[in-house]
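Only one chain is shown below, in structure tokens, and it's the form predicted alone.
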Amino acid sequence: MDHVEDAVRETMAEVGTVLFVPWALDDLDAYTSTVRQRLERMELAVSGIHEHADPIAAVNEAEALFIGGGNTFRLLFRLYGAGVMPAIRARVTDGMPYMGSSAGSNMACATIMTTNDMPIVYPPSFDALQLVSFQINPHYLDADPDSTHKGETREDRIREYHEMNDTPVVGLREGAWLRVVGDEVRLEGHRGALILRRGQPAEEFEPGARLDFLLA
């Protein structure tokens, strides 16, 4: 998390304890411990949602929420199973800071249809938290002209998504992130992003770009 430390500190400036959701991985305690050690270096305490007897109450009482990466299907399966999705949506809508990495950023979208993960478990629905009205493809990889790979590129797969869906997709390269505050969306980080829309050429955006149009 070194490359996002300044952004995390700014986002969590008024927060003392972060509620961490480790459900995308199997070893919940080990994952939470790793995140706890890193965030403590930013003067942030960490509480794992699985450490609470009532996860819904934990969300309702949280100062901020961080959903970590791993398998998106397992994460969504567990979020549904714990019944916490309405509470998370309500709290974030009311202004609670939300931070997601990888699968956790997929959760902020309307659906998980643009994840890169294998469906190792079947969630009740592909509908996610619906915190933003666009889709994210984390870890976006550009096609390598020298690669011996004969399958579809990441852009090909997103184009297939757009054969069936209209929602814009932000291909977030490693080192890039999105900051959403109210009606403002800003691309930040050390690398740019590719935005793909149905029936339109892909557009490149560099760090610092305003992407408010994604919420239209």
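A residue's number is simply how far along the shown sequence it sits, counting from 1. All values reported here derive from a predicted model rather than from experimental measurement.
One more form of this protein exists, namely the form predicted together with another copy of the chain; it is left out here, but the text below deals with it.
- With respect to another copy of the chain in the predicted bound form, the three residues Ala45, Ala58 and Arg89 uniformly fall beyond 4.5 angstroms at the level of their nearest heavy atom.
- None of Ile49, Leu65, Ile158, Ala176 but one reaches within 4.5 angstroms of another copy of the chain in the predicted bound form through a heavy atom, and that residue is Ile158.
- Under a 4.5 angstroms non-hydrogen atom cutoff, another copy of the chain in the predicted bound form lacks Gly182 among its neighbouring residues.
- Residue contact check for Pro97: none of its heavy atoms lie within 4.5 Å of another copy of the chain in the predicted bound form.
- The closest heavy atom approach of Arg36 to another copy of the chain in the predicted bound form falls outside 4.5 Å.
- At the 4.5 Å threshold, heavy atoms of Ile112 reach another copy of the chain in the predicted bound form.
- Along 90 to 120, a non-hydrogen atom within 4.5 Å of another copy of the chain in the predicted bound form is carried by Ile112, Met113, Thr114, Thr115, Asn116, Asp117, Met118, Pro119, Ile120, in order along the sequence.
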